[in-house]
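First, one chain by itself: the form predicted on its own, in structure tokens.
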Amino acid sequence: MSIREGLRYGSLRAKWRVVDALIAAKERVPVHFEDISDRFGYALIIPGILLVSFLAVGMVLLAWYSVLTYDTVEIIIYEYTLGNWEELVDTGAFYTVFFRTILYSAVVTVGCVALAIPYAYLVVRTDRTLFRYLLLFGLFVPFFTGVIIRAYGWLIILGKNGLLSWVLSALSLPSMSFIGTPVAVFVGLLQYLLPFAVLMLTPAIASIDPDLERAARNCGASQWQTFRHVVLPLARPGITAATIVAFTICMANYSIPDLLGGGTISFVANFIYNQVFGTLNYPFAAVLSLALVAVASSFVLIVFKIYGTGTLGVEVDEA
């Protein structure tokens, strides 16, 4: 073989290696562009992907702001520092706020899921059409109003001159205002998050074969035993999804703790608002935001790892 033929053979072999590498890379891409329906489907999800990408950009900007220097006059000085993070770690008051946010979120989540399970079960299993419509109407009516309107509604009910105080007076009991108490915040968050939990649970309960419940009853199980040992285990994907959705929304809630808490029961979101619009301390607000996202994300990942994603989507191993 001459030198020219050797160079030509080596060049051809290199080209084929590149082609093989491209084919192998194409096989690994989870997108099949050959099918026109697949191409149409992927084109539809592009706006969603772009929105998620903007969210990622926002998180990167928050990370950048968190290491900038705050100044009371110039607001932001573009000099890097870890002082904002050190302030978060060294200030015990923020531990209290984070603990309060997590505690309330956990309690409200448990209450939401406990109330949502029988609600979703009735929506799916009831034979009375009118009753089902009433349950669905009660489920979707809260979505017609914003969270602020609902919070103001609770202000009217739970305030000193509100409906509950009037009932207490009618019963010859001392009237009192529940605004600024944990009860008001708990009730407000529970009412706000319950529809989300029901929506997460309904598909899981609807997927349970009614014949399994009939078989359990035929074997002598009571209605409660059937619900406890058949319905609840099979509804676990919905319970998982409802827990994740309720907890994460509650962790980031601002308006209900602010209005019903009376300024004494503040969540992390309230502190972030005060840092942004009160003191204009954007770097420390970024630190609080990232810490809040980290806590909520850690909870979600732990639940995903232990119980899977439930009705929210694919399993972790498949992601």
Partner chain sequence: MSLLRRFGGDHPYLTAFTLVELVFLILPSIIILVVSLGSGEIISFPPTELSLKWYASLLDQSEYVSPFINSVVVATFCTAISIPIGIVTALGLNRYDIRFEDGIQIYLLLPFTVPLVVSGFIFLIIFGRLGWIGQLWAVGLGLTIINIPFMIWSVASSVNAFDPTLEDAARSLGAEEIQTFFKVTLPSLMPGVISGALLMFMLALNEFIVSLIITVTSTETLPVAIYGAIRGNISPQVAAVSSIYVVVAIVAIIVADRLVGLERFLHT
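Model, not experiment: these values are computed from the prediction. So that the term is clear: the rigid core is the largest set of C-alpha atoms that superpose within 1.5 Å between two forms. Positions refer to the first chain, counted from 1.
The form predicted together with the partner chain exists for this protein as well; it is not shown, and the discussion that follows is about that form.
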{"property": "Val276 within 4.5 Å of the partner chain in the model of the complex, heavy atoms", "result": "yes"}
{"property": "Partner proximity in the model of the complex: Ala14 to the partner chain, non-hydrogen atom cutoff 4.5 Å", "result": "no"}
{"property": "Non-hydrogen atom contact Leu163 with the partner chain in the model of the complex at 4.5 angstroms", "result": "yes"}
{"property": "Proximity of Gln191 to the partner chain in the model of the complex, heavy atoms at 4.5 Å", "result": "yes"}
{"property": "Partner-facing stretch of 100-108, 84-92, 203-211, 233-241, counted where any non-hydrogen atom is within 4.5 angstroms of the partner chain in the model of the complex", "result": "203-211"}
{"property": "Partner contacts for 169-189, taking the partner chain in the model of the complex and a 4.5 Å heavy atom cut-off", "result": "Val187"}
{"property": "Val18 C-alpha shift between the shown form and the other one of 2 Å or more, rigid core reference", "result": "yes"}
